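Take a look at this single chain, the form predicted on its own, given in structure tokens.
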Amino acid sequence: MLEFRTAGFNPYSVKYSPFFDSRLAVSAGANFGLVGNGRLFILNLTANGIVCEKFFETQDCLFDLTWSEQHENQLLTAGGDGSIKLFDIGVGEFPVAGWQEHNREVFSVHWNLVNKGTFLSSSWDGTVKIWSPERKESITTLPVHSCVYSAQFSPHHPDVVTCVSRDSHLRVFDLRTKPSAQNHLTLAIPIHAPPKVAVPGYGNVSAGPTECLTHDWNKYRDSVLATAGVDGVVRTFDLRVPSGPVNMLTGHEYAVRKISWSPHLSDVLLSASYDMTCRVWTDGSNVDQGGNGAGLGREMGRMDRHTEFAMGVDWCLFGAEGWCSSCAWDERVLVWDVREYMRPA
């Protein structure tokens, strides 16, 4: 396990570069993001551990970041002042571009993995905005009417956008549809709906809606997503049967702040929680292991080396299938191998 200290700054998000297996970026804020500056760290994995290649200072906390899919040295940040900034590692100490349309904190940014000329942002102002780095104004605004904590483009289609929000709904937008009265909205799935299959250890009575803080698309199955939030339960959904969750993965003691599906294995995902653990799960769908594409998920292992809220987690796209990075409010970024923490079934 490798460690880097973000001294004086509490990390919110960590992301591996899609171009280099040894480069990471971390967005952070002073004083837990409540007041003070933000900082964007560019980190390199070297033979001597994790080294800070460069950092950028900002006037407000940075809640999220995403690497550009067009340029290996560029990345976007989501600011507490409602701004989106584009930084270039090779250019000075200031952003090379910026956008300011949101009225509240920008909580997530995501680059389109298919049409690499667009990215999106989501904000506490209840909107998701689609942008092009070539334009100063947003291309489209998708109203959600509830604080949006996480938004993403589908990794399978350039015009499908999903988001999760305070009102405990997973929304799916298709930008190919006519705007009309629905504003491209095609699905609004209640996250708190009862599961399709009874989950051992989870009561049949729904605890009611709770804020959903994070979601992620499965990288191999184009209709499968996972969500998680305040109730500590990771849920998987299949958009082909949108009435409720397919699976509910229980175990976290507090809210889940970030989830990420593996880029290597179709049934594995990673979660980071306020209970200070990062856990690796299977959703039970691995056909090679007798799952027949469906089944009960389970926790496969956990990493509990953080000493404060775990805020971010991300998989390395390259090399062996288990390497990932996590960050927490203990001012630490850890790089570790999931396989060292997995337990036999």
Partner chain sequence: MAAERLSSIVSQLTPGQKPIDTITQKNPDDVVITLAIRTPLCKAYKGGLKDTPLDGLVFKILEQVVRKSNIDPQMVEDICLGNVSDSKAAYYVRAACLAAGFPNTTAASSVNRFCSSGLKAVQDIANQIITGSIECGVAVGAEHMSTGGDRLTRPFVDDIVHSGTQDAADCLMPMGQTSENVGKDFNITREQQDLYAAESFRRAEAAQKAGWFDDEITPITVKVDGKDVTLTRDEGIRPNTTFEGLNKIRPAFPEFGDRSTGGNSSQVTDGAAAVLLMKRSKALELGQPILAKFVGATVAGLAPRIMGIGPSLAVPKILTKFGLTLDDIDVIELNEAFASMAVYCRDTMKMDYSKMNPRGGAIALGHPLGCTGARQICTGLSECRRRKAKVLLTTMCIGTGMGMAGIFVNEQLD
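Keep in mind it's a predicted model, so treat the numbers as computed, not measured. Residue numbers count along the first chain shown, from 1.
Just so you know, the form predicted in complex with the partner chain exists too; it's not on screen, but the next bit is about it.
- In the predicted bound form, the partner chain sits within 4.5 Å of a heavy atom belonging to Phe309.
- Although the partner is absent here, Tyr254 lies within 4.5 Å of the partner chain in the predicted bound form, judged by heavy atoms.
- Mapping the unseen interface onto this chain, Asp216 falls outside it, with no heavy atom inside 4.5 Å of the partner chain in the predicted bound form.
- Although the partner is absent here, Glu105 is a contact residue: one of its heavy atoms lies within 4.5 angstroms of the partner chain in the predicted bound form.
- When the partner chain is considered in the predicted bound form, only one residue from Pro263, Gly80, Gly244, Pro95 comes within 4.5 Å through any heavy atom, namely Gly80.
- Proximity to the partner chain in the predicted bound form, taken as a non-hydrogen atom within 4.5 angstroms, holds for one residue of Cys61, Leu40, Leu43, Val313, which is Cys61.
- Residues with any non-hydrogen atom within 4.5 angstroms of the partner chain in the predicted bound form fall in just one of 314-322, 26-34, 298-306, 64-72: 26-34.
- Contact annotation for 132-148: no residue has a non-hydrogen atom within 4.5 angstroms of the partner chain in the predicted bound form.
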